[in-house]
Structures are given as structure tokens and as C-alpha cells.
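What follows is a pair of forms of the same protein chain, given separately as C-alpha cells and numbered structure 1 and structure 2.
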Structure 1
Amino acid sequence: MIRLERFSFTYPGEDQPALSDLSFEVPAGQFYGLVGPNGAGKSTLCYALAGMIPHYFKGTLSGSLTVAEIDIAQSSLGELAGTIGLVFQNPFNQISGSRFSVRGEVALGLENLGVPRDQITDQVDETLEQSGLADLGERSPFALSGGQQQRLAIASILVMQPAVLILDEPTSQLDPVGTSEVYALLHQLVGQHETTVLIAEHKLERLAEFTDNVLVLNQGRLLANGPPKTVLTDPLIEEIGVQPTRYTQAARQARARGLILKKDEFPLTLQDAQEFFDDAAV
């Protein structure tokens, strides 16, 4: 569904590429995570996958990038709009300001695609319910809290039912409950609608719980691509500035102090940690 072959991109005026020689694939219907320190190229990769590069952000690119068998460089943003959805980190970059209600904002994308009115109503109702915004449909987008605006930004993309969904740290303004609800919704999209999802995220515990694979970027290069339990417990990620989960850290400290001798993989989530330490205590 997503395929990069030796893909590189350099912003105008920069000597070093933001993305360098990337080659990987994300199969259809898979949920992938993307991690890396600040400045690693995560947002740039998200923009490239959604077609914002090179059609909005200009620069020099090489190699190939296809999404849903569409050559990104050879297609317009209009041609990509119905297939690929992008959720920005900052909801203010996504809310149009042209609609006076949450419902109107969510409906905007479908209206632009010429979807029949009855279908728009049904899809908007369903999306508002899924996104926890059903009670806020008539409120102004600018009367929402930061977390609610983030939900609105996500809903405005989900309503389009894209085959591929790219999210650039979409839970950065959400509390733990809101974050859990977003990940549950994404998991549902993958399971029921076979949506292909790639999410850039700092909350490693969520990635461990929900994703099929994790990509690690550093200085624009792909350092790792594998299952969460392998990638997110690798000391490599801490060396490049990605903080492991508290459970991984606790298990490492226990082993370093000789409190635990078992050689199992380090835990990533609370449930993993309970099993890890219970077994060690036997």
C-alpha cells in the first residue's frame, strides 16, 4: 500500500536532506508507528506520504514513493484527497475557519468531493459519534478546548474514509482518556475497514499496544523497522534520544541491579510489566 524506494528529499536552501535514502513498505490494512527524536524527519515523511511534498512543500527529491499504487510526485493533491488523509500535529493548521459549527467543519471535505447530501449527513453523524463529538456538533470550532479541536481535526479526515491515514502526533494535546479513545478508533478502522494507518508518536506504550510494526527515524534515515516489542525495547532508541516506556526502564534497572536474572524481552506496557515481574518473583 505504501512503498518507498531510495526516497530522499531536501528542503530549498538546505545542504543536508531531511529524508535520506528511505526504502520500506507498509502492507495494506496494517497499523505502523513512526518514532524518532525531534528533527528526525517524522513530519517531513508524513507530508511526503500525503503528497504535501512535493506539491505544497517544494524541494529536491529522488527515488520513488507510491501510496495505494499512486505515484505521489506525478499526482496532484486533488487526485490524492479521496485516498490519503493527513492529520496534523497542531489542529489550528487543519481547521478551515470557513464553517461556523463542528458539524459543518466535518462535512466540508465531503462537500468538496461532491458527495450526495444524504450520504454526507450519515457519515458526519457516524464520525461525530466515533470521535466523541456528537454533543458538540452545533458548537463553533473555536469554542472548543485544545483537545476537542484535536478530535475535530481527526474527525474531519476520518469522515472522508481514506484508504490510507497518516497522522503526525495527533494525540499531543489529548489527555490519557482521549488518547485511548483515538487509538481505539484507529484500531477499529484497521480491523473493520482495512484502513492502512501510519502514526508518528512519542507515546511508545500506545504504539506497543496497537501497532503491527514500528519505524525508527534519525537524521532522516531509517534505523529500524520491526515489531514493537523488538524495536521499542532496543537500547538504540534511547541512544538517539527516544525515551523508552517507564516499564522498560524499570525492568532494565532491576536487571542491572541483579534483582532479575531472566532474559525475556523487556516489558513495554503495564500488562507486560505485571507478567514480567510476576514471573521473575516465582
Structure 2
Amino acid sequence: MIRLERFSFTYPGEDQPALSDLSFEVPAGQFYGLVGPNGAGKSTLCYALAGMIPHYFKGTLSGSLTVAEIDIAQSSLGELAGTIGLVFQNPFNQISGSRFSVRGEVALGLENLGVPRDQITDQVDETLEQSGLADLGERSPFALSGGQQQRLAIASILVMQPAVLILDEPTSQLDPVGTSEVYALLHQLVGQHETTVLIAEHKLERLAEFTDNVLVLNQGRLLANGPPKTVLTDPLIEEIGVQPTRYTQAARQARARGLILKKDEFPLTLQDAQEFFDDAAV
């Protein structure tokens, strides 16, 4: 569904490429995570996948990037809207500001696509239901909590039924409850609609719980591409400045102090950690 071949991108006026020589594929219906330290190029990659690079941010490109069989560089943002959805950090900035109700806000994208009114009504109702916003339809988009606003931002994209959904740290401004709400929605989405999802995220435990595969980016390069359990417990990610989960850290500490000897695979989640220490205790 997403395919990059030796894809590189340099922002105008910079000597270092922000993305360099990336090659990977995301099969349809998969849930992918994207991790990396600050400045690794996660946002840049998200923008490229959604066509904002090169259609909004100019710069130098090489290699190829296709999403849903569309050659991004040869397309236009208008054509991509509705096929590739993009959600980012700050929910406040994703609210259009031109609609006075949650319903109206969700409908905006479909109105721009010229979808007939009856169909808009149906799709909006369905999406509000799915995102748990059905009771808030008449509320002002600004009168919502952070988690609700972010679900509104996602709903406003989902309603257009994109084949691919790209999210750039959508939970970084949310508390744990808001974060769980967002992940629950994404999980349901991948399960029911076979949407292909790629999410840039700092909260590794969430990736461990929900994703099929994780990409690790550092200084614009792809360092690893594999299942969360292997990739996210690899000491490599700590070396580049990504903090492992506290379970991984605890286990590594225990091993460094000689409390545990036999294990060399580290736990990622609470459940892993329980098994890990249970085994080790024997």
C-alpha cells in the first residue's frame, strides 16, 4: 500500500537531507509504528507520505514514493485528499474553525469532495458513532476535551474513508485517557475497515500493544524495520536517544546487576515483564 524506493528529501537551503535513501513497504491493512529521536525526520516522512512534500513544502526529492498506487510526486493535494489522510499533534490546529458544530466539522471534507448530501449525512453519522462522538454532534468543536478534539480530527479524516491514514504523534498532547481513546479508535479502524495506518509515536508501550511492525528512523535513515517486540527492545534504540519502555529498562538494570543471567530477550510491556521476572525467579 505504501512503497518507498531509495527515497530522499532535502529541505530548501539545507545541506543535510531530512530523509535519506529510504526503502520500505507497508502492506495493505497493516498497522505500522514509526519511532526515532527528535529531529529524526518522522514528521518529514509523514508529510511526504501524505503528499505535503513536495506539494506544500518544496525541496529536493529523489527516488520514488507511491501510496495506494499513486505516484505522490506526480499527483496533487486535491487528488490525494480522501485517499491519504493526515492527522498530527495539535488537535486545535486541525479544527477548521469554519464550522460551528462537530457534525459540520466532520462533514467539511466530504463537502469539499462534492459528495451528495444524503451520502454525507450517512457517512457523518456513521463516523461520529464510530469515533464515539455521536452525543457531541451539535457541540462547538472548541468545546471539547483534548482527547475528544483529537478524535474529532481523526473523524474528520476518517469520514473521507482514506485507504491510508498517517498520524504524526497524535497523542503527544493527550493524557493517558485521551491516548487510550485514540488507540482504541485506530485499532477498531484497522480491524474493520482494513485501513493501512502508519503512526509516529513516542509512547512505545502503545506501539507494542497495537502495531504489526515498527520502523526506526535516525538522522533521516531507516535503522530498523521489524516486529515491535524485537525492534523496541533492541539496545540500538536507546543509543540513538529513544527511551525504551520502563519494563525494558528495569529488566536491563536487573541483568546489569547480575540479578538475572539466563535471559537475553528483554520485555516490552507489563505482561512481558511479569513473565520475564517469573521465569527469572525460578
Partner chain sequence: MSTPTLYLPRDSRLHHLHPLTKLALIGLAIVAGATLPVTLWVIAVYLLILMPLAAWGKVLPAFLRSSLLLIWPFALSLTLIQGFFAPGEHILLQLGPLSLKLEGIQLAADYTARILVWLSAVILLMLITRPDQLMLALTERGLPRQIGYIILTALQIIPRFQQRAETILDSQRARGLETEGNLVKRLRALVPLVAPLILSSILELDERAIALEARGFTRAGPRTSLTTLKDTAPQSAFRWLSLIVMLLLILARAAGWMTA
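In this text, rigid core is short for the largest set of C-alphas that superpose within 1.5 Å between two forms. Counting starts at 1 and follows the sequence of structure 1. Keep in mind it's a predicted model, so treat the numbers as computed, not measured.
Of the two forms shown, the form predicted in complex with its partner chain is structure 2. Only one of Ile240 and Ala153 lies in each rigid part of the chain between structures 1 and 2; they are split between the two. Two rigid parts account for the change between structures 1 and 2, and C-alpha superpositions put the rotation of the smaller relative to the larger at 10 degrees. Aligning the rigid core leaves the CA of Ser145 displaced by 4.2 Å between structures 1 and 2.
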